[in-house]
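Quick setup: one chain, the form predicted alone, written in structure tokens, and binding and motion questions come after.
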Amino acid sequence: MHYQTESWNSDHKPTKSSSSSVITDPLAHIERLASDNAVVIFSMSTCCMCHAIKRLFCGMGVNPTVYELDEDPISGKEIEKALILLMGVSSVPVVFIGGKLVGAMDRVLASHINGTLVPLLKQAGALWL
């Protein structure tokens, strides 16, 4: 699992500075972050559901990129607000596969149970078998 815990600047690359930059368009920023890797999880480090979804993907052999929103007090809050607008509810984890929004825990588990998750992961290049 690749944890992205440093601040994210407007070019969606980690910065090492102690101050986070303000994101001008959080929804576009989320789209860029989500499209950079096959599987992206927006998470909170203390959330048990986030932990469970990360374990699900790791158990399947997927190496997701994880953005812990609570570990970046400025950009994390902005992204969290944008995710609420995108999802319609305040809920983490939020999962993107192949740059496309899959949804929260319930949608990911439903996809896993009905057999559509593995083909999605293969199509995104996160699974090869």
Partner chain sequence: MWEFCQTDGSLDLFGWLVTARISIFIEVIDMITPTTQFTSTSTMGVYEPIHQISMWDDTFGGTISPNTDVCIITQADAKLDDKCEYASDRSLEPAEDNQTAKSIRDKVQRRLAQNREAARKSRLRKKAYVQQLETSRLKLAQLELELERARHQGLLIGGATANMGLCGNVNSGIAAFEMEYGHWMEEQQRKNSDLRNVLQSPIADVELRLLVEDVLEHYCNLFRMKRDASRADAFYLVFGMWRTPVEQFFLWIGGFQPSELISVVMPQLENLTDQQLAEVRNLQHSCQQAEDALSQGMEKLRQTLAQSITTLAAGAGSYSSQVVSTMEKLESLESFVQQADHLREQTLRRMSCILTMRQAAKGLLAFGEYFQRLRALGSLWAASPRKFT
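This is a predicted model, so every value here is computed, not measured. Residue numbers count along the first chain shown, from 1.
Form predicted in complex with its partner chain: not shown, discussed below.
Distance check, Asp106 to its partner chain in the predicted complex, heavy atom within 4.5 Å: Yes.
Close approach of Arg32 to its partner chain in the predicted complex, 4.5 Å, heavy atom: Close contact is absent here: in the predicted complex, Arg32 is far from its partner chain, nothing within 4.5 Å, heavy atoms only.
Touches its partner chain in the predicted complex: Leu56 (any heavy atom, 4.5 Å): Looking in the predicted complex, residue contacts with its partner chain include Leu56, since a heavy atom lies within 4.5 Å.
Its partner chain contact at Lys77 in the predicted complex, heavy atom, 4.5 Å: Output for Lys77 is no: heavy atoms all beyond 4.5 Å of its partner chain.
Candidate stretches 80-88, 34-42, 48-56, 95-103 - the one whose heavy atoms come within 4.5 Å of its partner chain in the predicted complex: Heavy-atom contact with the partner occurs in 48-56.
Residues from 93-117 in contact with its partner chain (non-hydrogen atom within 4.5 Å) in the predicted complex: If the 4.5 Å heavy-atom criterion is applied to its partner chain in the predicted complex, 93-117 yields Met105, Asp106, Leu109, Ala110, His112, Ile113, Asn114.
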